[in-house]
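Single chain ahead, by itself, as structure tokens, in the form predicted alone.
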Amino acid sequence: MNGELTTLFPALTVITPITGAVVVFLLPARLRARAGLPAAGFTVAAAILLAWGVVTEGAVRHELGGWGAPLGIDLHADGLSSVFVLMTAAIGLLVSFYAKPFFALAGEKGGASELFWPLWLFLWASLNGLFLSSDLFNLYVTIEVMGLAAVALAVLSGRPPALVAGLRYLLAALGGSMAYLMGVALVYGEVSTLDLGLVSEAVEGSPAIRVAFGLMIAGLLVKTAVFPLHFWLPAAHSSAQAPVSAILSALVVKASFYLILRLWVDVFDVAVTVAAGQALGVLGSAAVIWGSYQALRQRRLKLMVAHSTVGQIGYMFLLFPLITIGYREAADAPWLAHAWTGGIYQALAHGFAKASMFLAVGVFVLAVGNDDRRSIGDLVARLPMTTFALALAGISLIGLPPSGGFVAKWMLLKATFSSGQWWWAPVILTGSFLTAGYVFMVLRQAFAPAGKPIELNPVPRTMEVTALLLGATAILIGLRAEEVLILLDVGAPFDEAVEAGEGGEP
């Protein structure tokens, strides 16, 4: 592949959805869905080209407008960013296919279906921009665009619960952004540059840098909804429409997690301490237990899935204490590859599984008319494909083999024992048992005979198929981990550890 052409792929990945959003917005309302799907397809093609370029050429850097850092803005693609861009593309395409019949069947008024497509494509562009940006202030811009688009999507229905939850979401998003921006200002005052690579070379463990790092991480923790900063998430995710809920849970919260991970490993490693890593591990552990327990208590399916998101996010934060101790004790610690692989795989598995689960619940709601779990009796006989999708997603969330969730939790457990931090293992296992509790509770209800016959509303087959494909993907990424690991190893921060850990294979 031509090297000069490859450098254009990061820009193409961002420009394509932006162009699609503008075109869709300018079209008459009746044509927006028809134009939105091709725009999603072109965006997926750009993501595939980017990943292929990274695999064949290595890490790719593009200077926007021909002006490099520190005057210009660079886009940087390595294995980690490419994996997240590909995950966004796969989930985004299937959610787009689901959204077209969903809005047509739901019959939303007041511009909901018309506004979904431009907002969704702008959100997609901001996600890709965040994964590829190499500048602290440009990252702030993508965070703001992402947050505003996400809030607008969350309140599309116009119903009072959605508006109240959306306002809370907006305030949390703005608060997190302001904390991040204050940290950026402090960093610029100290090192006079905002490019990630240049900042990494210039920063020292001064008090100002530590405060800046703390502010940025705190703001991003709010956006990721880590316990106890998750107060906005259950209501916002459960009151949104099904395709929006899938986008928020599977993708939006992953963006802020990605940025925390990028800053932690690549930029502010001199400011990272073992105590800080352990603190994030404690927050993650609390999220695993509390979120899973709350999901077990819910009667509404969408609230159950939303609280489950809080719990599953917690697993990703067990990555930080494991890699932080590895940094401090030995750069080639053998468990670093396991921890790195486990944390990233948890993000991937949760993204596909949670998108599948929200879309499956959306089918149930349209068919039955509500999301009370007591109303889904005997649905396995009448909606078998959707029930199967829910089961596949649940298998991955629990961490049963051969799912992606199993790969994630197995690698985290290996890193836990290899690093001597055995106290995280009971958290992982307890969270899996609690997850099994609410997943099997729903499946038991779906298999139970209905108390009285319920007339189901017809649901387009496309909606059932997309939910099933996402659930199947959550399983398949566990069976085909090698391809993901090959891409993830490009530019990995623990090159020596990856070799020592044999690429992190289970």
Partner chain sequence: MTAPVESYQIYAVTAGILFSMGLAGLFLCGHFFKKIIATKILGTAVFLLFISLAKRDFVEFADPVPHAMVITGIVVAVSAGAFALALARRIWNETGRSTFEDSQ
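Residue numbers count along the first chain shown, from 1. The model shown is predicted, which means the values in this text are computed figures rather than measured ones.
One more form of this protein exists, namely the form predicted in complex with its partner chain; it is left out here, but the text below deals with it.
Participant: Go through 418 to 426, 160 to 168, 373 to 381, 77 to 85 and give me the stretch that gets within 4.5 Å of its partner chain in the predicted complex, heavy atoms only.
Facilitator: Heavy atoms within 4.5 Å of its partner chain in the predicted complex occur in 160 to 168.
Participant: Within a 4.5 Å heavy atom cut-off, is L186 in contact with its partner chain in the predicted complex?
Facilitator: L186 belongs to the contact set for its partner chain.
Participant: With the cut-off set at 4.5 Å between non-hydrogen atoms, does F406 touch its partner chain in the predicted complex?
Facilitator: No, F406 sits far enough from its partner chain in the predicted complex that none of its heavy atoms falls within 4.5 Å.
Participant: Using heavy atoms and a 4.5 Å limit, would one call D266 a contact residue for its partner chain in the predicted complex?
Facilitator: The answer is no: D266 has no heavy atom within 4.5 Å of its partner chain.
Participant: At the 4.5 Å heavy atom threshold, is L93 in contact with its partner chain in the predicted complex?
Facilitator: The answer is no: L93 has no heavy atom within 4.5 Å of its partner chain.
Participant: Its partner chain in the predicted complex: within 4.5 Å of a heavy atom of each of L181, L194 and L215?
Facilitator: Every residue of the spot touches its partner chain in the predicted complex.
Participant: Under a 4.5 angstroms heavy atom criterion, identify the one residue in F227, F257, W410, Y140 near its partner chain in the predicted complex.
Facilitator: Going through each option in turn, the one that passes is Y140.
Participant: With its partner chain left out of view, which of L400, L174, A391, V270 would have a heavy atom within 4.5 Å of it in the predicted complex?
Facilitator: After the contact test, the surviving option is L174.
Participant: Could you pull out the residues of 133 to 153 that have any heavy atom within 4.5 Å of its partner chain in the predicted complex?
Facilitator: The stretch 133 to 153, when checked against its partner chain in the predicted complex, contributes F137, Y140, V141, E144, L148, V151, A152 at the 4.5 Å heavy-atom cut-off.
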